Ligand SMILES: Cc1cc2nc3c(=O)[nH]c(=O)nc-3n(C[C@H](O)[C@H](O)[C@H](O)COP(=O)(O)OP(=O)(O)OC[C@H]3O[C@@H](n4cnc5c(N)ncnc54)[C@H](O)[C@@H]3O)c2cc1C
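There is one chain below, alone, in structure tokens, taken in the form predicted alone.
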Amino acid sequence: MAMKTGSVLVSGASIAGLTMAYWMNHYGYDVTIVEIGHQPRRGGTPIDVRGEALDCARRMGILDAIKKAKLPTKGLKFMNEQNELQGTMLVEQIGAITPDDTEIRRDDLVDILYAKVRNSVNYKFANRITQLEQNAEYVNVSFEDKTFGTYDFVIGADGIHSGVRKLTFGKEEQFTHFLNFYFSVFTVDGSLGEQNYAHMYNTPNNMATVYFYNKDSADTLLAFRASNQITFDRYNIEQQKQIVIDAFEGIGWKLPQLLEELKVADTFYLDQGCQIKMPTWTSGRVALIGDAGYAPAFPTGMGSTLAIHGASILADAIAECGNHQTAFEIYNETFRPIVEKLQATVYDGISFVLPPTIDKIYARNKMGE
């Protein structure tokens, strides 16, 4: 395969963006990553690396590192309000596709990917794209820090609220499919969890899960159903925290303690449960990968796998084809069936994590007996 030369701007230093940066550098491109944060995007609950993403990781030379960082998860325990065990599902019962499927801390995977590209690509941290203008030959980019750049390709790997998607394809609302729930992620004291188990507690339409893997801290995921979308300022964390507090007010189990931890949490994230669905992920010399193009929503358990797999398919196509139009067509055509199949599993996942009635909570918990 002949090595190509050219320049690529990747927006977003998370799993999709770092994977894309690795491959484009590998194929001989000059790569720049722009990231709104001061470092690669961190935070979040444990994630799974499955199926084709494992093959991509093997090709990238990071599979051993991923396996080494594999969490010693034993399973999921369903708890009642008195914190009594109602059922247990071992990890091999919770949708694992093959024995090679690996659960890993999201931060660990980001660190592994960042280590592969730390010294081989350019970075624009604490920065973002403010304007894109493209023609048949290149893309002119304006940045928030008032600098400019010209690139052969721009890759949007900047998440559900992608700025690249908005600048290139239009308003976010036309691609967002609301799944009638919201979720929040934050870190709490490790004493609220049990080593190597996730504890889940439900009331109708509400879920709290605590994941604990070390003696210091635990990851908490709260989710709640909502018939209508809630309007909030994405940059007003205190407002977002109050939305979650209001949604779980008066609920038992460990919720009073979890909400106290939430109030002072430094790592806090709230967003709607949604999927991104688009008729195409490319336009001219711009392409979208990961959640920016096809977020599947966390109940599928496949967001990270799609991010790694999609970035790898797009990079391979660019390297193999004589022109980007053909490469982009291959990406759109070959990856779409995979995305659509996985996105379709979200409703089973929502039913599992957010049962709407007491009877359905009981039936779900009995599955773990």
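Computed from a prediction, not measured in an experiment: that's the story for all the values here. One-based numbering along the sequence shown.
Missing here is the form predicted in complex with the named molecule; even so, the following discussion is about that form.
- Contact between R42 and the named molecule in the model of the complex is found at the 4.5 Å heavy atom cutoff.
- Interface membership of N127, defined by any non-hydrogen atom within 4.5 Å of the named molecule in the model of the complex, is confirmed.
- When contacts are judged by a 4.5 Å heavy atom cut-off, F298 counts as touching the named molecule in the model of the complex.
- A307 belongs to the set of residues with a heavy atom inside 4.5 Å of the named molecule in the model of the complex.
- Partner proximity in the model of the complex, defined as non-hydrogen atoms within 4.5 angstroms of the named molecule, places exactly one of 298 to 306, 337 to 345, 317 to 325, 66 to 74 at the interface: 298 to 306.
- Annotated contacts: S14, I47 and Y269 all touch the named molecule in the model of the complex [non-hydrogen atom within 4.5 angstroms].
- Residue in contact with the named molecule in the model of the complex (any heavy atom within 4.5 Å), chosen from K277, K241, R106, R225: R106.
- The partner is absent here; in the model of the complex, the one residue of G163, G284, G149, G87 having a heavy atom within 4.5 Å of the named molecule is G163.
- Residues of 148 to 185 lying near the named molecule in the model of the complex, listed in sequence order, are A157, D158, G159, G163, V185, the criterion being any heavy atom within 4.5 Å.
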